[in-house]
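Here you get one chain, nothing else, as structure tokens; it is the form predicted on its own.
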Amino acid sequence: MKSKILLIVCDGMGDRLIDGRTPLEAAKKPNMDRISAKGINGIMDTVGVGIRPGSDTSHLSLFGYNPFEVYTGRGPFEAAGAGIEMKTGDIALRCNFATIKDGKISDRRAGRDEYGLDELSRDIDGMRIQGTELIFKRCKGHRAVLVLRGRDLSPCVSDTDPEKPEILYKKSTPLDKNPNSKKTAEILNEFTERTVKILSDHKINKERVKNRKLPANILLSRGAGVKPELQSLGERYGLRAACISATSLIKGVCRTIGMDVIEVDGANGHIDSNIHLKADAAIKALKDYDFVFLHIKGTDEASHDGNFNAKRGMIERIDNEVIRRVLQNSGDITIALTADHSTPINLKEHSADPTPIAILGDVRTDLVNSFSERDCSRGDIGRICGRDLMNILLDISNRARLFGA
């Protein structure tokens, strides 16, 4: 009999040792440990061995797509997540509201403070530069998306986001000799210069400074790309699939491959997100869908902030508010628990360290009793690539097709 599938991805949950243990090893997580003890375990390179995966490329791989063949840039997924329907020829970029001081980026996320960002976004949207329409829309948190719509544009331009604080803001440059790339870089640089002027003098930023918040006075962009053409998850696997995520990028990946996106009140992608409501939404969705994907962002946010205790605390919240609920209420389903990548506390950025994975269902249980990076590495799944995961889940849920006679 076929079972339904629930894939739970805790963003950036994998880590390295801090004083002899990872946040997963330090956390109290009896429900995650129960999945490991009653299931089968392993570790996973989401994109490939030694490759530091982005959140977009890692999720493409987890859903069974080869990102080396289909990935066209981060921007289009941000646009899809924000509800912007891209047209042929459009170029999309992911943006951050950030803080610049004396020509240097002092904070790439403007302190993660969202005060007034909706109003700032409305006052930026609608520019025209060199005959090109600029569509700007705020996403969750400090994130936003920019879409360039016009003729003779190219995604072959460099980012303006330096990706590290305390260095000079970068101008975009063409990455090839195509005149369209030169034009697109010029448009992007003029957009940045115009928005700096708008943001620096804006009443919202004056209020932010007055209230001892960092000003959101520059927009950093990266991940230019065109809309990818991908086979839907339904066509690929015969699954009716749903996504539950608060992150625009992840929602965009899921929309692009034909998954229904279920919105949850109070889910914001931060460590204070209403993750128990996301768990309830996932349990409910399993009644109507064959495959439900539940994404939780807070572990990655704590990692990028270099906060060990916050990451451990987020893991404990996930264990109690999500995993416990799922185990008590989901019935006879196949459950996979993993991360899309590692984000070590000491790096504050993604690494190529493999992530732990545990699968509960009709499996040959191994000898692992705890869910962590080192414990799961001793499990019977072994070390796999992220692109293997869907095939494994289809097999365990009795949905796999026979290969051969």
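Heads up, when I say rigid core I mean the largest set of C-alphas that superpose within 1.5 Å between the two forms. Because the structure is a prediction, the values reported are computed rather than measured. Numbering starts at 1 and runs along the sequence shown.
We do not show the form predicted together with another copy of the chain, though everything after this point is about it.
| message | At 4.5 Å between heavy atoms, is H350 in contact with another copy of the chain in the predicted complex? | response | Residue-level check for H350: yes, a contact with another copy of the chain.
If you check in the predicted complex, is L249 within 4.5 Å of another copy of the chain, heavy atoms only?
L249: contacts another copy of the chain in the predicted complex.
Tell me, yes or no, whether S377 is in contact with another copy of the chain in the predicted complex, where a contact means a heavy atom of each within 4.5 Å.
Yes, S377 lies within 4.5 Å of another copy of the chain in the predicted complex.
Note to self: Residue-level contact is defined here as any heavy atom of the residue lying within 4.5 Å of another copy of the chain in the predicted complex; does R74 satisfy this criterion?
What the structure shows: Because a heavy atom of R74 falls inside 4.5 Å of another copy of the chain in the predicted complex, the answer is yes.
Item to check | another copy of the chain in the predicted complex - contacting residues of 315-343, heavy atom within 4.5 Å | outcome: Contacts from 315-343: just S342.
Could you tell me whether the Cα atom of R317 shifts by at least 2 Å between this form and the one not shown after core superposition? Stays below the 2 Å threshold, so no.
Superposing on the rigid core, do we see a C-alpha displacement of 2 Å or more at R108 between this form and the one not shown? Yes.
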